[in-house]
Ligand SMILES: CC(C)(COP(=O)(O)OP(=O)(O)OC[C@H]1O[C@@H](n2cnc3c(N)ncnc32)[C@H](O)[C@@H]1OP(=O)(O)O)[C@@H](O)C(=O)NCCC(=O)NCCS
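Have a look below at one chain only, the form predicted on its own, in structure tokens format.
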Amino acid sequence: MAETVVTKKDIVDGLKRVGLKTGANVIVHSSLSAFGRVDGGADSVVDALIETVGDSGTIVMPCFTYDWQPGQKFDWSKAQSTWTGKIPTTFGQRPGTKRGKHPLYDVSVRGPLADWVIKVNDYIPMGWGENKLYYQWKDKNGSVLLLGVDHNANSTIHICQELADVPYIANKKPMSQMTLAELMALPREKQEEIIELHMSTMETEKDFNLIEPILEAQKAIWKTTIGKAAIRYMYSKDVIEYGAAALKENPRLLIV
């Protein structure tokens, strides 16, 4: 039996089927391999996204470089890695796509909101809740698209945890107002302390997929498949509203 090949048209049709529209502002988390065989590879996925949202929409893709270490002077010219896969790497190389300078949780972005996205995301590197891009995105009618990945890749759920003040990440709060410039000006030992606190949690076994039934109950998530990939689409405001409320009621909801 011949292997099914996913085309750019298949991807565009699937994106429209799940509710992505012209002018959408969307954060994309993705896995190219989840689709199966894609004619044109990651370029076809990127082309389909750009075609679907058009010039009036903004696409954001996390890169998560993790290139900076405490005590280092951050040198952006040497920090161009992308940990989040082939689709964000390809997207970041496209003419017209901009990239921020966050030393840990960098993003690539294109569209009318690109400069705003980079400014918000870069300003406070250890942000908490309302000062993070993933919270402020909801005020831009922002949405989240999961292409072949589940909610464990959905960074917006971290906002739900923080707004609910779940106890296992409360140690991040003290550094949540520190700008990138202020962090870099600290002695190495203090930088190390802050990074260690930021990256650590008291409980590490969590499953963000436990948020999906809550979104389904509110009819706040749309799904389809493209090739072999499960596709999920939702609005940031819904994820934050319903997810934070559920975690306030049960702070251990996501712990497994």
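The structure presented is a predicted model; accordingly, all values stated were derived computationally and were not measured. In this text, residue numbers run from 1 along the sequence as written.
Just so it is clear, the following notes concern the form predicted in complex with the ligand, a form of the same protein that is not shown.
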Does every residue of S30, S33 and P62 put a non-hydrogen atom within 4.5 angstroms of the ligand in the model of the complex? yes
Does any part of N152 reach within 4.5 Å of the ligand in the model of the complex? Heavy atoms only, please. yes
Residue-level contact is defined here as any heavy atom of the residue lying within 4.5 Å of the ligand in the model of the complex; does L215 satisfy this criterion? no
Should K86 be classed as touching the ligand in the model of the complex when contacts are defined as heavy atoms within 4.5 Å? yes
Do R37 and the ligand share at least one heavy atom pair within 4.5 Å in the model of the complex? yes
Partner absent here, but in the model of the complex, which of 107-115, 152-160, 92-100, 179-187 has residues with a heavy atom within 4.5 Å of the ligand? 152-160
